[in-house]
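For reference, the chain that follows is the form predicted on its own, supplied as structure tokens.
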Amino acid sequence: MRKYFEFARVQMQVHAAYSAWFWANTFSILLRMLVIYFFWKAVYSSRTEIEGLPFDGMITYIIIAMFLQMFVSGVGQELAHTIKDGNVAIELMRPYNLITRLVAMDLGDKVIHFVRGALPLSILAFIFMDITLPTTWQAGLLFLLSAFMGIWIGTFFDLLIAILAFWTINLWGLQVMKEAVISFFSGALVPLILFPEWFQTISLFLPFQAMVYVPVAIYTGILTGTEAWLALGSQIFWVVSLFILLRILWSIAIKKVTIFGG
């Protein structure tokens, strides 16, 4: 286990070394926050609430969802490149589990991204953009647990798509479609309660709403009490199911790798 902590630590150092990339990324997120804020301010200029959500509730949902969406993708693209360029054969001969190493590196990336980017920007949002805290400490605690589950669901799903590189010639289109589907069905763009009933019903049977919508809905009070606990139960189901599916698919996929002399 120690070597995986070292992978995570080294990845944090690598990430911290590229300060130009960090400031460019931070600036783009800040611009996006401003666009979101003034867009919804204009929408609420002629009304006090939409589907029961006042302006501060809506802007809180959108900003928290935007931050959370940054963490639900994992290292799928790196795994796909490793498979397509053939380096997966070399990686499989090394004394570590490739998937666990990638997850450890992804964890390092997310920790440094949270400390250097998401945390300072969220403090700015709380001060200048009317972002509110959860109504109770229990809701805050449940949000943290739910966000943790959502990040794992996104990470496992990302790796599942990447493993398909063993069977496809070009994974680019599939990854683009994945990002679009996640953005749409996860509730990262707008709360799912703004969509028609049939769309919300379909979303309940998909893992995407468990990545972003469930944690942010708990944070903003859209889901409370029994509904919140049931939603958390569905997240646990998706974490376990996707993990098992990932292990099965990976064990099938690596059988396609032929290593001469290995």
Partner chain sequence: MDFLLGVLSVMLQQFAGIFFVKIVFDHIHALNGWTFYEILFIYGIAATGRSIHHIFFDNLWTLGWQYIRPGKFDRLLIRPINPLFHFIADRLQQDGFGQLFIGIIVIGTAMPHLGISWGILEFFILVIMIISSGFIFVAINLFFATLSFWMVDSLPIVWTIFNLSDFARYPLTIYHKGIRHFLTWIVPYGFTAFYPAAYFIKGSGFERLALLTPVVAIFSCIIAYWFWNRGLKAFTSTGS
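Remember, it's a predicted structure, so these values are computed and weren't measured experimentally. Positions refer to the first chain, counted from 1.
The same protein also exists as the form predicted in complex with its partner chain; that form is not shown, yet it is the one meant from here on.
Among Ile222, Met66, Leu232, Ile50, the residue placing a heavy atom within 4.5 Å of its partner chain in the model of the complex is Ile50. Checking Leu124, Leu189, Leu141, Leu92 against its partner chain in the model of the complex, a heavy atom within 4.5 Å turns up for just one residue: Leu189. Against its partner chain in the model of the complex, the set Val111, Thr226 and Phe243 makes no contact: no member has a heavy atom within 4.5 Å. Comparing 41 to 49, 210 to 218, 232 to 240, 66 to 74 against its partner chain in the model of the complex, the single stretch with non-hydrogen atoms within 4.5 angstroms of it is 41 to 49.
Contact check for Leu194: a non-hydrogen atom falls within 4.5 Å of its partner chain in the model of the complex. Proximity of Ala24 to its partner chain in the model of the complex: non-hydrogen atoms within 4.5 Å are present. Within 4.5 Å of some heavy atom of its partner chain in the model of the complex lies at least one heavy atom of Phe184. For the chain shown alone, Leu160 is not a contact residue for its partner chain in the model of the complex, no non-hydrogen atom being within 4.5 angstroms.
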